[in-house]
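What follows is one chain in structure tokens, specifically the form predicted alone.
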Amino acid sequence: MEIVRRPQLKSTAIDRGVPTLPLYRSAPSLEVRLEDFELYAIDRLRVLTGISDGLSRGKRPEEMEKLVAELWKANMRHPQASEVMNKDIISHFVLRLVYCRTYGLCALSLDYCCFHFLAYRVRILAHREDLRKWFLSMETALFRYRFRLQTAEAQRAVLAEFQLPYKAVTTSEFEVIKDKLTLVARSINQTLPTADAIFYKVPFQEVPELVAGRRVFLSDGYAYVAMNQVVSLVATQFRSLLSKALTLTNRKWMSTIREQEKDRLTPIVEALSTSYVGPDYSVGREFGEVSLKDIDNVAKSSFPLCMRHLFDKLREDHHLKHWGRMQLGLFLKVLLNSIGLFMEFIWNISKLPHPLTLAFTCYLSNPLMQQPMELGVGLKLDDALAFWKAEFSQKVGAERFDKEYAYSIRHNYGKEGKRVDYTPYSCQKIISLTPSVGDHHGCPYRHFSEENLRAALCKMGVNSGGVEDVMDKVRHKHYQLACTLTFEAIHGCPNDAGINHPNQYFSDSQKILKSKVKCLRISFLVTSVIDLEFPPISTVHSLHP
């Protein structure tokens, strides 16, 4: 696959007679624009991330089939119908480059490897391996559900592409085991086998999923797999082929490609493994300011655990190391605004007729209702400097802060150096960070011990049942879903989109809290109107003796 800077495609996958569900055996001989190289990969990454979230949430097979169809339709379309297959194949091979690497970031000199440095290196290796396994599992799941959505004819074509040595059970053999096959079909609520049904005789180790679920008849080391169950067989074969291909791709990448493409493709490939594919929180459509006097209350109510831990440590130690300052500072810099519900409320009230206007006067006179509605938005540069200086000066002094730390804060706001307006870290970026001794950045769900994580969750107000649910997801390395469950436990309502960004957590939290406050205020307003329209009987008697 050759990468070029001009839009030119020599031929399409369809023209070359590739099946509608490719097996990705070899890279296509296509010329691809450099822009498409990255964009195609990001679109496919959105599909894989959606599948991962659906599986983590325990969706049923039929729900997953619907989800995969929607994700594929939304992200893998192309203006030219003939290029859809090309986009499928190209995006797969780009992500194969991205996730094949198990030694990617380890360009660390052995001359400096002290104990902590080695520990840091081991953590990077482990994370790279986790990413490779994730890609392997998600691509297999995608293949599985796409296979199920194919017609019977297309499924047989894919089966033939694998060139499997298994043959269909003969009629005479089928008659011998027909009763056993019927019992299995009844036990799993499937259609009873008929004389024209197709079964494959397969070594049982080739279909571990079916064997584990007791969904096949076993005899003499063979499993009898029905045609509607053959997806397990082809998915196992696909995973095996892809796993071997990733190993070979990694060798080629490390030996030749990385160095040859160091100025062009390598930066793109390196960045894609931690790419964030959700909404852009670098700039918001509507912004305001969060005052320093309110930041502690906002932190307790709407900060995700990663940011709340950093915030608490800053208040406690009056210092954070570089990556901790970056993670928390960029989060505070840009917080998506759930704008102006209170101002909208006042505007609507001002247009209402008499007795509601009188009720609004009662509303404003109530001390409970005079509390400000928190707008929960970004921290300005001046406030950010004041915030960090107030903390750091308690430990290092104001003069040293101005000399050593103020520059980096202005740099984050694009006021120094390259004048780049840096964006807040996504969940995927935070999970990929590897804190060492004395650091507090990173994802608590990944880096905390079980004891510390339980204590932190209880401090946030998660009940015991919610803590167990979160810990279960953490054990299975579903860190973002663990954060989503924490959000749902604290706020008492579902978050179907899942948490993918700390600023998304904050935004969704503020929307929920403001809606509750608005409902409370409207309820008080309605009560005031009723009291004005229908005063108590004792009041009426006093007015009309």
Partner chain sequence: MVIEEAVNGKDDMLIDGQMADQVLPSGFNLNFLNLYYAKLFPYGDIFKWMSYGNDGKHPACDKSYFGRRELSFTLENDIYLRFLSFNSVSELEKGIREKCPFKIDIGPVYSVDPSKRHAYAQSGENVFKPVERELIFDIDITDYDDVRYCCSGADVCLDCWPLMTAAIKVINTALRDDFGFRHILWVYSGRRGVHCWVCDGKARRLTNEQRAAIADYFRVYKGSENSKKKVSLTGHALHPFLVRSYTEVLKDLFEQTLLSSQQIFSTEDRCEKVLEMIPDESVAAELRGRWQKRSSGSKDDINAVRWEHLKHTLQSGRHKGQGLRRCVEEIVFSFSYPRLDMEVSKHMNHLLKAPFCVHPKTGRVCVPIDPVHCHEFDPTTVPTLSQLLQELNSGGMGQEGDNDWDRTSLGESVRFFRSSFLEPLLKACKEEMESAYNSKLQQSKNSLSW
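Numbering follows the first chain given and starts at 1. Fair warning: this is a prediction, and the values are worked out from it, not measured in the lab.
Form predicted in complex with its partner chain: not shown, discussed below.
Contact check for 21, 29 and 92: none of the three has a heavy atom within 4.5 Å of its partner chain in the model of the complex. Of the candidate stretches 72-80, 208-216, 252-260, 450-458, only 208-216 has residues whose heavy atoms lie within 4.5 Å of its partner chain in the model of the complex. Only one of the listed residues (186, 321, 264, 475) places a non-hydrogen atom within 4.5 angstroms of its partner chain in the model of the complex, and that residue is 186. Taking the partner from elsewhere, residue 156 is found to have every heavy atom lying beyond 4.5 Å of its partner chain in the model of the complex. At least one heavy atom of residue 220 is located within 4.5 Å of its partner chain in the model of the complex.
The closest heavy atom approach of residue 134 to its partner chain in the model of the complex falls outside 4.5 Å. Contact check for residue 204: a heavy atom falls within 4.5 Å of its partner chain in the model of the complex.
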